[in-house]
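Starting off, we have a lone chain in the form predicted alone, written out as structure tokens.
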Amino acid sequence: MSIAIIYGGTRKEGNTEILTKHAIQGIEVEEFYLRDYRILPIEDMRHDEDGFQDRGDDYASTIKRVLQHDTLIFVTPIYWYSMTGTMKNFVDRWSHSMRDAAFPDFKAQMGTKEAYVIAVGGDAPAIKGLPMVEQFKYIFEFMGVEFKGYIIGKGNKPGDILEDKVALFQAEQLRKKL
């Protein structure tokens, strides 16, 4: 089993990244920091005669590498009760991949994956983060991805997540599953 970690946060060594590193300690993974890639927002060309066009960014090369893995862990701080814009751009571009001749079996390939979500927020995240988890659930369901679980931690200032003993315990339990 190979694992891809897809980080949607913009802050290096932020709380969500710290929690994820705790979960994957000692496990071989490939990490994708979306902040380090140029992934442009989708231009909706579904109904255009020529369809979606190459945006000339890093999306295609990134998704090709992500597709090589069996387990995908989506990591995002909770921004305004949802995933970050960086993560959302990445997921939105799947619409492009589903209609791109370079990815003829994109949805079928995604349907062979399993996924987890790790998120951290500061404003009652265990409750207010649930709509975001539900959003991921629907995305995975549409793509045929098996949603295996999620962790929502509490933290605001850098390092706060280290005080969330429940989230740290859940990360340890996830490590055992992986």
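All values reported here derive from a predicted model rather than from experimental measurement. Residue positions are given as counts along the sequence shown, with the first one as 1.
As for the form predicted together with another copy of the chain, it is not shown, yet the points below apply to it.
Taking 4.5 Å between heavy atoms as the contact cutoff, choose which of 29, 60, 67, 133 touches another copy of the chain in the model of the complex.
That would be 133.
Three-residue site 54, 103 and 112 fully in contact with another copy of the chain in the model of the complex at 4.5 Å by heavy atom
Contact check failed for every one of 54, 103 and 112.
Exercise. Hey, in the model of the complex, is residue 147 touching another copy of the chain, heavy atoms inside 4.5 Å?
Worked result: Close contact exists here: in the model of the complex, residue 147 approaches another copy of the chain to within 4.5 Å, heavy atoms only.
* Asked: Any chance residue 166 has a heavy atom within 4.5 Å of another copy of the chain in the model of the complex?
  -> Within the cut-off, so yes.
Residue-level question: is residue 83 within 4.5 Å of another copy of the chain in the model of the complex, judged on heavy atoms?
Yes, residue 83 is a contact residue.
Does at least one non-hydrogen atom of residue 79 fall within 4.5 angstroms of another copy of the chain in the model of the complex?
Taking the distances in the model of the complex, the answer for residue 79 is yes, it comes within 4.5 Å of another copy of the chain.
Relative to another copy of the chain in the model of the complex, which residues of 110-141 have a heavy atom no more than 4.5 Å away?
Counting only heavy atoms within 4.5 Å of another copy of the chain in the model of the complex, the contacting residues of 110-141 are 123, 126, 127, 128, 130, 131, 133, 134, 135, 137, 138, 139, 141.
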